[in-house]
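Below, in structure tokens: the form predicted alone, a single chain.
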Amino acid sequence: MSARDTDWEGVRLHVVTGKGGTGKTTVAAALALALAGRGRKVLLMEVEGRQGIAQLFDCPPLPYDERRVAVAPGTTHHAGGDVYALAADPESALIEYLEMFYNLRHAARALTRFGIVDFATTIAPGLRDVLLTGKAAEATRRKVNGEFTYDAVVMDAPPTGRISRFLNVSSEVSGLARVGPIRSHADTVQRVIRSPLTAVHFVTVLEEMPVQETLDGIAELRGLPSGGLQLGGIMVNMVRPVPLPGDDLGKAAGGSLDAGELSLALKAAGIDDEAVPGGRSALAVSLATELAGYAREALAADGQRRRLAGAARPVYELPRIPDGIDLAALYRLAESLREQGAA
């Protein structure tokens, strides 16, 4: 465990973004499980309509309703907490908004039947984002009998290329509504998102394009007016183990590993194989070739690590799990995040 409980003490809304294919939803789910340790209650929320959370937790498609999907693994001194999940969509968010503030639930349902919401969110995309981020902000701030309903909210947010616009809701609705309830709601949401309560985490893998998109996304959020948003950590997913120590790694990448020595090592381990010219085993030659490929990947990954280090953000590495992601794998990833101080 980290010397501190968490790098994100005081953060209640964790926004998770990343390039497609990096495992953004998986990491968001693992983070929710990690945060739910010590008996905490966490809401995991998705906003893209893909039902990715339901697939991960092997449960029926999620409605616009907060449902428990998992019990987090406990610790030595604390029982695990609960993870609830929600699939948010603009139409349901609008109905809830109109009911909460104007007691207009039936009118809102009529609007959705006539397709007004689809029309409005098409001509004013910022309205869609206000409704979705508004739901996350509401869940973050919600209290019952003076106590927060959730100890933390994790949002599986849109990809990195869209995250700045998605979160910058005040400017997005400025052309739609300069005054009035929509603008007031957007400003309330923005106060949560731009406060110390919120952190934006980036998911990537150690490849050039996802790393570049991560660095671009961080730079874009830093460049937003009014001080930008609080940047969270960089969560490097699907990290492969390094097959060799440092000195041998360079030799392997350059194809200069001694296959004869490998052959002797295989024999010492009780593994023998058909010899090829030069007295080396065919297995040793194949192993040297395989190691060369892994070594080149490992050196390239180190180069991407150095690029990420330049962003001056905490970096957490999650192991590649070759057998696929199930609940046991999510527990493993959650434990890794906890051990590194991310939750």
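The model shown is predicted, which means the values in this text are computed figures rather than measured ones. Numbering starts at 1 and follows the sequence shown.
One more form of this protein exists, namely the form predicted together with a small molecule; it is left out here, but the text below deals with it.
At a distance of at most 4.5 angstroms from the small molecule in the model of the complex, none of the three residues 165, 217 and 310 contributes a non-hydrogen atom. Stretch 22 to 30 is the contacting one of 282 to 290, 22 to 30, 35 to 43, 296 to 304, since its residues have non-hydrogen atoms within 4.5 Å of the small molecule in the model of the complex.
Heavy atoms of residue 50 reach within 4.5 Å of the small molecule in the model of the complex, making it an interface residue.
With a 4.5 Å cutoff on heavy atoms, residue 327 does not count as touching the small molecule in the model of the complex; it lies far away. The closest non-hydrogen atom of residue 237 lies within 4.5 Å of the small molecule in the model of the complex. Of the heavy atoms in residue 333, some are within 4.5 Å of the small molecule in the model of the complex.
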